[in-house]
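We begin with a single chain expressed as structure tokens, specifically the form predicted on its own.
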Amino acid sequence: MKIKTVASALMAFSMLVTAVAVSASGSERGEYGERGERSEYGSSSRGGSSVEPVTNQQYKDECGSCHFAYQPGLLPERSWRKLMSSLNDHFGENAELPDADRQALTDYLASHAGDHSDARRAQQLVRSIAAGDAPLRISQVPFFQREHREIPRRVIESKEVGSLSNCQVCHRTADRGDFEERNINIPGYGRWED
């Protein structure tokens, strides 16, 4: 009787160790969140390397009608507030909105900004910005600049790409908040690998 009890205890312990090892290996790959659940975006909602995708339809409609609807996690709150307070001169264009719409979009962007995100990529971007700085362009963020420094200017300025602000041209999964290197395909150049 004692042998069966010891064997059962060893079997249970072995199963527990295996479950913990499998769970840990999934987390190390960045596929699972802090509580072990698979994230709905990118690698992981908690500490993953992608950013939360845009979830606000009004933002997609208003801002995404003119340019790529940049994820709020790509800039800190102070940048979004500054950007939204100067829509009368939005990079040379008048993008003014009715006050209620502007406030609703500002609230969405501010509450989902990089400094309120637990996604690794958003945290990297925000940490690279000097305290008090509020860049208005994602391409002005030091982390962004480091990540793109090896791409030849002729490729960036090509007619297919145009500029670094056209994220979705090379990052084919950018609309989902996935900016991982494995998903980069630069028009006229091909897959990008460091």
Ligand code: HEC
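If you're wondering where the values come from, they're calculated on a predicted model, not measured in any experiment. Note that residue numbering begins at 1 and tracks the sequence as displayed.
Although it is not shown, the form predicted in complex with heme C is what the next lines describe.
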Legend entry - Proximity of Asn166 to heme C in the predicted complex, heavy atoms at 4.5 Å: yes
Legend entry - Non-hydrogen atom contact Gln57 with heme C in the predicted complex at 4.5 angstroms: no
Legend entry - Distance check, Ala95 to heme C in the predicted complex, heavy atom within 4.5 Å: yes
Inset, instruction - Report yes if any heavy atom of His67 sits within 4.5 Å of a heavy atom of heme C in the predicted complex; otherwise report no. - result: yes
Inset, instruction - Check, residue by residue, if Cys63, His90 and Ser139 all come within 4.5 Å of heme C in the predicted complex, counting heavy atoms only. - result: yes
Inset, instruction - Could you run down 158 to 185 and flag each residue that has a heavy atom within 4.5 Å of heme C in the predicted complex? - result: Val161, Ser163, Leu164, Ser165, Asn166, Cys167, Cys170, His171, Phe179, Glu180, Glu181, Ile184
